[in-house]
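Starting off, we have a lone chain in the form predicted on its own, written out as structure tokens.
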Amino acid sequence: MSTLRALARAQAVAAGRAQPVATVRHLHLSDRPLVLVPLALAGEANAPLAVLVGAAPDEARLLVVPQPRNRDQRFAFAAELAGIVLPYLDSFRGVTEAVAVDRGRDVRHRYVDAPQLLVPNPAGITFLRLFGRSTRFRRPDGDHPVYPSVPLLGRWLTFFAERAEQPGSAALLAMTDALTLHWATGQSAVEDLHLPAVLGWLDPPPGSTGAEAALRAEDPALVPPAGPATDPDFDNHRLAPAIEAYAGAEDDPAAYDELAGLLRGQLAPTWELMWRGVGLMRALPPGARVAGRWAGDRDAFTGYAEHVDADGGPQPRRDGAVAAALRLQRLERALTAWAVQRAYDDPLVMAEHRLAGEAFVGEVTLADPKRVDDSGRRPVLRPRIQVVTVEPVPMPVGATLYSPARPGQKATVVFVTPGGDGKTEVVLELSGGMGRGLTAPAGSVPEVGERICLTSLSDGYLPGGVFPTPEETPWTHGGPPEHHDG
């Protein structure tokens, strides 16, 4: 936990209300997200019990598995869920746009929008991932056939679960993660996994503090759990008798209605909290780089839709050595880019890096926008500026810094001169972001009096690593075995 977030948590306790730790929204939020609130049967491995699903507050549909241990009912539930999820996904496949590639020499096409799934908490993402794994390899023929839509649903759920691992992706979001990314509550990180408690801190009832609202939310008799786990007392005293009553009279509609009503009562409060969370998120303006990350989600959605259309196979049970290495590198690069982009978009996030010595803010006191360096084969524009700051400047001479206000420009540290009054003078030489001529366009060079943030964090392109092909991978890492001549 960073120093600023710890301070924000302490301030939340003192104020009785969650404190903002972001000035902009760092996640894309769809105009029409699909909200899923799942419940699983306790004591069984990912046995679905019920789900409340819909793309609008008044479109909630309840799907129930009356006998979660019954395989046929589980897959019938999966087919019902596929009947909702798959048409929702297809609704985003109508319009495409051309995207220039290879420096404009070619184009590719992607969908102009993509679906977004929302669940209450990270356990909901785990539920969808496991449910996708249990259905994507099923077959509509042979022994134990399932509906043709079931394996397709499993493959799409696996796709979204894998996107949820990508830092900065918004294709599948846990509401607790999204909210606590932007606000700090006065409770622990473990307690932040409980959606009713988080919203208690963010939006407490009139006359109550966040702590009081969170304490009330911890009572399952007053506020049902957000799933997919259920309350043991509810399981023993209400759910088990209702399931037994249905098992004894499966043809009795009243028994099913009683079970469905019981489960709806557990899910409906979380459904309302989910849309309250959506409203709080929508009130924040999006960060400048959110659209770029969402474009990555649209690219991924387009690519997987084309894979499905081409009758591509389901995702493997486990990655090979090269695929695992590529995935790990992709996630590491995405995590680095995610941290930098959030800092560039949000001064509150950048403040954490300033405390860590990775950035400083100062005022431009001198500027020479016309300076030309003619020491090389041809003259190049190399303006210099002097920045005075009261913050520590641990960057050495020769270090390359960047400004979120001008991300395409590099600033090389030329001199660092500490002053006796607690101020430090930093002279920087600028390159890039000023065109190709010897005259800097207006606004491309910081002017005297401008306050500027400079950081060692780079939002530039991160090149990928080089990995062997599967055929060249050693057999110790899953490649082909060596052949020896007898």
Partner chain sequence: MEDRLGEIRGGGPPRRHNARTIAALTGNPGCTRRAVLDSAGADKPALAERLGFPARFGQSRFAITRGNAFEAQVKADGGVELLRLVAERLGVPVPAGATWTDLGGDDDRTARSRAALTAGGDGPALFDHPLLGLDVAGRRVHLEPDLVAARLAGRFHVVEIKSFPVIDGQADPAKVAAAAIQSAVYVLALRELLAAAGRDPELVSHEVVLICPHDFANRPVASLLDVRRQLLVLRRQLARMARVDDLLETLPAGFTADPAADPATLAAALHEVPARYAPDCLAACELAFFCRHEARGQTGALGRPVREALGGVPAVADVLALAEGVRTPEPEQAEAAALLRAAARLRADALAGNPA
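In this text, all values refer to a predicted model and were calculated from it rather than measured experimentally. Positions refer to the first chain, counted from 1.
Just so you know, the form predicted in complex with its partner chain exists too; it's not on screen, but the next bit is about it.
- Interface membership of P220, defined by any non-hydrogen atom within 4.5 Å of its partner chain in the predicted complex, is confirmed.
- Interface residue remark: N236 is counted as part of the site for its partner chain in the predicted complex, having a heavy atom within 4.5 Å.
- Taking the partner from the other structure, its partner chain in the predicted complex has a heavy atom within 4.5 Å of a heavy atom of R318.
- Remark: V445 does not count among the residues lining its partner chain in the predicted complex, judged by a heavy atom distance of 4.5 Å or less.
- Contact with its partner chain in the predicted complex, defined as a heavy atom within 4.5 Å, holds for exactly one of A440, V427, A42, L29, namely A42.
- A heavy atom within 4.5 Å of its partner chain in the predicted complex is found for exactly one of V53, C453, M434, V64: C453.
- Only one segment in the set 101-109, 228-236, 371-379, 117-125 has residues whose heavy atoms sit within 4.5 Å of its partner chain in the predicted complex; it is 228-236.
- At a distance of at most 4.5 angstroms from its partner chain in the predicted complex, all three residues T3, A240 and R354 contribute at least one non-hydrogen atom.
- Residues of 334-370 lying near its partner chain in the predicted complex, listed in sequence order, are P347, L348, M350, A351, R354, L355, V361, the criterion being any heavy atom within 4.5 Å.
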